[in-house]
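The data below hold one chain only, encoded as structure tokens and taken in the form predicted on its own.
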């Protein structure tokens, strides 16, 4: 097992099925253009083989399927049953939910028990202004389908001062009413937000989020797993919410996440653009592949920040947000 000086190892793998996305969210891309697929993306077979190798070489226990927008990828249908058959404790999906109604039966029948849905507002006009595409009603219909099937839903919201800060309480009440855990994600200095004024104008931190919630609800902090990215809070008789406080309360020292991009690059850290090419490993016989992969994983683990997130020019959607 590969472990660093902080006791971190790779337990959680996030695979980006495609860099393409049907949204163009303001905090992800600067120009309103939808992200496109990478020139040479791994096939479903290659992706499944890569996950199997990473389970053996790194001891991966949990897998999250991401994008871009994973439901947009033609690989999704083929890959989902493959990874569900692998020896993993948990397989989950992160999606913007726009294609969720048409993929609902596949997801339900696969045995997936958890899904994260990105949703930044309950206001239809605000939704279009942030996502610059899509339809709010379709996403909400997809959420209801998942809940009806007994799938555990979490909703991810990025609060932004000039965009949707007034939606914090409505979103929280919507989630409480449905037994959904809402995760507030502090705006991250990624891609075009790494420099310029937009990040400073829109950043809405953990203290402000809690102050807004405290206007209506009493809450206490509750337990979270050692390597969780979220600080969790409980409102008695209502539910639990979390805050992924990249800036306000960094969690780098306990991070166990590894990312595999759709075109075959391993990233050990969101705050480090260094990457490691997995494609040549996939062409080797298994013993050599495992030996080479362990070398790459040692380097990737060394890429992690020791204290706090510094930001990076890399666009998160390319590497599995």
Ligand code: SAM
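Numbering follows the first chain given and starts at 1. From a predicted model like this one, the values you see are computed outputs, not experimental measurements.
Omitted from view is the form predicted in complex with this ligand, to which the following refers.
- This chain lacks the partner; the member of 171, 243, 187, 131 within 4.5 angstroms of this ligand in the predicted bound form by a non-hydrogen atom is 187.
- Taking a 4.5 Å heavy atom cutoff to this ligand in the predicted bound form, the contact residue among 193, 175, 230, 143 is 193.
- In short, of 291-299, 43-51, 260-268, 61-69 it is 61-69 that has heavy atoms within 4.5 Å of this ligand in the predicted bound form.
- At the 4.5 Å threshold, heavy atoms of residue 138 stay clear of this ligand in the predicted bound form, well away from it.
- By the criterion of a heavy atom within 4.5 Å, residue 248 is excluded from the residues contacting this ligand in the predicted bound form.
- Within this chain, residue 118 lines the site of this ligand in the predicted bound form, having a heavy atom no more than 4.5 Å away.
- The closest heavy atom approach of residue 73 to this ligand in the predicted bound form falls outside 4.5 Å.
- Contact annotation for 80-112: residues with any non-hydrogen atom within 4.5 angstroms of this ligand in the predicted bound form are 94, 95, 96, listed in sequence order.
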